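As a starting point, one isolated chain is supplied in structure tokens, in the form predicted on its own.
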Amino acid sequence: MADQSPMPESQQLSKAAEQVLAAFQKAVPRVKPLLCFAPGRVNLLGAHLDYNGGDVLPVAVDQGVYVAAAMRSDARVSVCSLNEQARFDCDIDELASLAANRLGWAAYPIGVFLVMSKKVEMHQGVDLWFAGDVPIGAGLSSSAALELATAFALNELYQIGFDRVELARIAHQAENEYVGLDCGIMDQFASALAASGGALLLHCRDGSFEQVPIAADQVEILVMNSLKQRSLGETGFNDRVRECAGALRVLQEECGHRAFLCDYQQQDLESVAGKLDPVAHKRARHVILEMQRVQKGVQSLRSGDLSRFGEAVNASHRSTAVDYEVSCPELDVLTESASSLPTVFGSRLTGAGFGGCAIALVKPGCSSEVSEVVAESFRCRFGVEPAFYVLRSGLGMRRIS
């Protein structure tokens, strides 16, 4: 049976943290490193709304990426990943000439260093060693956690003084401009700003945010990992961004200029249906209706109506599968099996889709039973054992030592 144990307690030094400290101190015994952490996330509602100027509702988890970091005596940047079992180092002056698509995982920390170095002088070298316990390529935002761990550590080591919002923007800029993924701000902001005990309601049009409490005694968030990995740069993610941009241009021409696709209403979309190709129409319909689902979902959470919130979650998955076409058979089986159970309020894919994880909102104490039923359905269809975790919201991005 898949691992159904809760994610590790945030108050304890995790296995990943212990491993990266030990590896760093063995390889670089000259100094005791700084240890920092940035979390992964799951998104409860707001699929693909961040780059469309909408509202999203992510929760930070207590799994993420640890970095052991220290200044060097020379002008080289050295990064090492225990997960990838790979190391890369280069002179600072040569970093800007490196092509991101040839660096693999190292493009994320190198991109953050390059963006930050344009804002402040960073001539002294640095060692950055990483280890993560959040599943990689599973839709839990391991890349944003890697970026924010880097940004937080550099901010501490160089004593720059950027606040968390600025660190999130630096990480987002690195992913857009260096890594080359046209993502919105959700993942970076969730990793930087989400707090324990609730969800982050992030208004992506202007970066403002507020915390929305989640009653832990009324619902458990079960993460269901299909184990189908994907790299967003190799999926249709950027295609979805372009399709939404095309729909926005038509709406701006026909219905008056508004900054984002999420600013339009369903009646606006239907008024231009004849001028949109069918694919662009479906993408825009998902975006506009998903924005409404987030607004209703937040109201439901605040009033304690988990059944109504679950209805919005189920509708969100259907829309991502049919109109946005970012689901896959594995995610559909996970969510359909879970949502059919009376102990589940709702279920949907989390993250960008194309593989990775889904979530189920489960009545307290029922996650083990739900996992067994879902695993049986998944095994019968795919012959693979999925993984399950009961989500704990963590303490967020922080300096540990």
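This one's a predicted model, so the numbers in the text were calculated from it and none came from an experiment. Each residue number is its position in the shown sequence, starting from 1.
Not on display, but discussed next: the form predicted in complex with alpha-D-galactopyranose.
Check your understanding: alpha-D-galactopyranose in the predicted complex: within 4.5 Å of a heavy atom of each of 44, 62 and 223?
Key -> Result no, not one residue of the spot touches alpha-D-galactopyranose.
Practice item. Mind telling me which stretch in 361 to 369, 24 to 32, 328 to 336, 47 to 55 gets its heavy atoms within 4.5 Å of alpha-D-galactopyranose in the predicted complex? Key: Within 4.5 Å of the partner lies stretch 47 to 55.
Exercise for review: Identify, from the list 181, 160, 195, 289, the residue with a heavy atom within 4.5 Å of alpha-D-galactopyranose in the predicted complex.
Suggested key: Residue within 4.5 Å of the partner: 181.
Review point. Of the options 167, 112, 154, 186, which one has a non-hydrogen atom that comes within 4.5 Å of alpha-D-galactopyranose in the predicted complex?
Key: Going through each option in turn, the one that passes is 186.
Review point. At the 4.5 Å heavy atom threshold, is residue 129 in contact with alpha-D-galactopyranose in the predicted complex?
Key: Residue-level check for residue 129: no, no contact with alpha-D-galactopyranose.
**Study point:** Proximity of residue 264 to alpha-D-galactopyranose in the predicted complex, heavy atoms at 4.5 Å
**Key:** Looking in the predicted complex, residue contacts with alpha-D-galactopyranose do not include residue 264, since no heavy atom lies within 4.5 Å.
Practice item. Using the partner position in the predicted complex, report whether residue 352 sits within 4.5 Å of alpha-D-galactopyranose, counting heavy atoms only. Key: Residue-level check for residue 352: yes, a contact with alpha-D-galactopyranose.
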